[in-house]
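We begin with a single chain expressed as structure tokens, specifically the form predicted on its own.
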Amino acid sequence: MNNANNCCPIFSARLETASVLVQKAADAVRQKRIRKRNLIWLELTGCSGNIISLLDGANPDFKCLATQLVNFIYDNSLMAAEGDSAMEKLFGVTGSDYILAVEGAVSIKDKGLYNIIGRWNGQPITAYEAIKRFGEQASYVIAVGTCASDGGISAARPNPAECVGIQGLLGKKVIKLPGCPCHPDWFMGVLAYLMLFGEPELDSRQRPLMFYGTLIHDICPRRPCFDQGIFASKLGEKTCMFKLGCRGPVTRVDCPIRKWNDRVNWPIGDDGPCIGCAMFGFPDKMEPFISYNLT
């Protein structure tokens, strides 16, 4: 069976997209051809899985991001400041140039009462208020992960807090990086591209084509099995899992070549079907994740 990494030099080269862009951006900052950018990272209604994923990145890694590319102004999980001091850092960017990264959906029920990110001047600041305030002023807005991009798990049925993706609350373009979680390379590559060249080429749903330009199905190492009609009947078999409910045929992202955890593995490599976590409508529209309808 052919490995996806060996199928086409173009796809193999894409593995280096993020690292090449980040290195070019870091060199440009060091040579003072471009400046470091201020970065705010808001964790809204979600699980904080995307910031954890970013910390697990390798080549490029988080240290490179935080020391060579950006001034990391705010993220409640990472910064040493807390309480009023943390909120002073956040509100201190008002009127300055910054890039906003957002993970998590936004609860809009009761004007966002169900997600308070902090207090400012004695008043609670909701995720709803934060995204509108800081999103409209940002030079670029990046939705990191599926919840920020389209509501994701936070907006899954029955959605009692009425969570939505951030685009619906902003009157400007949002670059979307769906994935549960977002791969570190997708964010780092896009951020470096923004610093070097401005907005990357996006598809009709505002996903960067450099990472979301192909279907998983088209570069899956088990595609030859699909073409020959050789399908797995249960988990653990090394053939195509289409009839077990694999969502690779409808999911646009480059997991088969990029993999996870420093490129060690990915779901299909561990004999589990793709569940479409990088697709709009996940999880509701991707269910059931496993199907035994083998007719």
Partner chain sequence: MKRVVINPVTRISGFMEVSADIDNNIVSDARTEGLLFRGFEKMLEGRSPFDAVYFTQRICGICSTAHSIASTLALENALGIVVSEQGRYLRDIIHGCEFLQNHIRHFYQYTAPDFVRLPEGNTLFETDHIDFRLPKGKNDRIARHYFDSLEYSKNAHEMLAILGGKAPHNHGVFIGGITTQATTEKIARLRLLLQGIRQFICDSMLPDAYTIAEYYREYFNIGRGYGNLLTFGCFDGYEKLGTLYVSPSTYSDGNIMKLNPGEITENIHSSWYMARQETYTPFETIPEPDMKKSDAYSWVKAPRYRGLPYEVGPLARMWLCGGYRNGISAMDRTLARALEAEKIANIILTLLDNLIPGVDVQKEYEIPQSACGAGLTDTTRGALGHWCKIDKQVISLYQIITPSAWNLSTRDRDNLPGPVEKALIGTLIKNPDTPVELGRIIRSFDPCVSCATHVYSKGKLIKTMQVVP
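Positions refer to the first chain, counted from 1. Remember, predicted model here, so these are calculated numbers, not experimental data.
Keep in mind that the form predicted together with the partner chain is missing from the display, and what follows is about it.
Contact check at 4.5 Å (heavy atoms) against the partner chain in the predicted complex: none of 128, 136 and 253 pass. From the list 128-136, 156-164, 192-200, 209-217, the contact stretch for the partner chain in the predicted complex under a 4.5 Å heavy atom rule is 156-164.
This chain is displayed alone, yet in the predicted complex one of 73, 170, 108, 225 has a heavy atom within 4.5 Å of the partner chain; that residue is 73. When contacts are judged by a 4.5 Å heavy atom cut-off, residue 33 does not count as touching the partner chain in the predicted complex.
Residue contact with the partner chain in the predicted complex: residue 99 places no heavy atom within 4.5 Å of it. Among heavy atoms of residue 29, none comes within 4.5 Å of the partner chain in the predicted complex.
Taking non-hydrogen atoms only, residue 55 approaches the partner chain to within 4.5 angstroms in the predicted complex. Contact annotation for 174-204: residues with any non-hydrogen atom within 4.5 angstroms of the partner chain in the predicted complex are 180, 181, listed in sequence order.
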